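Included below are structure tokens for two forms of one protein chain, each presented in isolation as structure 1 and structure 2.
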Structure 1
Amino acid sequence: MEPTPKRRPGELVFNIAVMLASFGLLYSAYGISGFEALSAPGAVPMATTAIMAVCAIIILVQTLRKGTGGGQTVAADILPLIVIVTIAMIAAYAVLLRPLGFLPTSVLFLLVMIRFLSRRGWGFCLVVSVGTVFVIWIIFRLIFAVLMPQGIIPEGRIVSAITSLF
């Protein structure tokens, strides 16, 4: 007989959250048009959220049946510091993208992340960060003409100066 799979730390909490969110969405879907008609705008959302809710209950029951104690911890195996810092850094990047602009925010993000992850010297991190952002900028801004937030650097003027050379 196969051993019962172990429940991972936080799995029960996550699945409870999933179930509650599913019921919340089902309630919201009901609010769209109720049981007005089969072709109503809320019909498919209600059906899908109902399926989500039923599945979530089944998944929760299956999770409860699993054995506990696999030797894992939340801090080491689910949400280690490195993951928390990275999520926070991406969020900070998104927040700073508009006020600072794409170029400084990206260099700053890469500089801090590469330093944090690799523990290499600041010089190495700075060269890699600036070089990478420069390449990305050339591809996206100059070749694909993708507009990124300008922020504190007068990017538009730089681009027009470059294009006026050709």
Structure 2
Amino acid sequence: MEPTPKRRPGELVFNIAVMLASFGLLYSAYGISGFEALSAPGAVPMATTAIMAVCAIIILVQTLRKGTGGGQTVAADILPLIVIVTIAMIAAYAVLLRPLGFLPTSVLFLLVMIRFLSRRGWGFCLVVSVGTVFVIWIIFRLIFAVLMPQGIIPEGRIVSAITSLF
């Protein structure tokens, strides 16, 4: 017989958050059309979120049955600094994408993340981040004609100038 696994640090809080989010989504799905009919627009979202809420309750009960311990800590094993910085940078990217635009926000994001993760010099990080964003921009903006948030750089004029050359 296998020993019962111990509850990891933060597992209980995470499961409670998932359960609360499930009930929040269920309430939001109920707001679409309520319990009108099985073919109503909100029926599938309500069924899906109800299953999600039931599963969250089952997982929470299983988590509560586990014993604590295991010698792990949240800071070292669950949320180390690298994860926290990455989450913060993704949040900052999402906030800055609209006002600054795709090009400067992406270069800034990659510059900081490459510097943080690789510990290389600023020159290397700047060349890699600018080169990467430039290649991505050419592929998606020029070849596939995907619209990206323009921001402070007049991207439309640059694209029209480049396309007028060909």
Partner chain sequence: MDILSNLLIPIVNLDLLMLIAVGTFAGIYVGAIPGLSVTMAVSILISFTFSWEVYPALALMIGIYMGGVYGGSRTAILLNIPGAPSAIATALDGFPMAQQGRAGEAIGIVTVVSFIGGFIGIFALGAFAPLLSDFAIGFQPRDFMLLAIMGILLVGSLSGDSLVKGIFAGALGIGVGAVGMDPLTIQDRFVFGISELRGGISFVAVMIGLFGVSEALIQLHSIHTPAVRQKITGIIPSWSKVRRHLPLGLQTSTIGTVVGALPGTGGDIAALMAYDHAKRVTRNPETPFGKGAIEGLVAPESANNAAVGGAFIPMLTLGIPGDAVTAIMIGALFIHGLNPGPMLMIEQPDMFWFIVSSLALANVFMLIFGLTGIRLFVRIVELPRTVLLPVIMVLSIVGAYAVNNSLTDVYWMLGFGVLGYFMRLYGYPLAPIILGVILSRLLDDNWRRAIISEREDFGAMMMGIFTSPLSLCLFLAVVMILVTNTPWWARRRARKA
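Keep in mind it's a predicted model, so treat the numbers as computed, not measured. Just so we're on the same page, rigid core means the largest C-alpha set that superposes within 1.5 Å between forms. For residue numbers, the reference is structure 1: its sequence is counted from 1.
message: Does the form predicted together with its partner chain correspond to structure 1 or to structure 2?
response: Pick structure 1; the other is not the form predicted together with its partner chain.
- request: Pick out which of Val128, Ile78, Leu60, Ile138 lies at the hinge where one rigid part swings against the other between structure 1 and structure 2.
  value: The hinge between the moving rigid parts is marked by Ile78.
message: Let me make sure I follow: superposing on C-alpha atoms, what angle in degrees does the smaller rigid part rotate through relative to the larger between structure 1 and structure 2?
response: The rotation of the smaller rigid part against the larger one between structure 1 and structure 2 is 12 degrees.
message: If the core is used for the superposition, what shift in Å does the C-alpha of Met46 show between structure 1 and structure 2?
response: For Met46, the C-alpha ends up 5.3 Å from its position in the other form.
message: I need the CA movement of Ile16 between structure 1 and structure 2 once the rigid core is aligned, reported in Å.
response: In the core superposition between structure 1 and structure 2, the C-alpha of Ile16 moves 3.1 Å.
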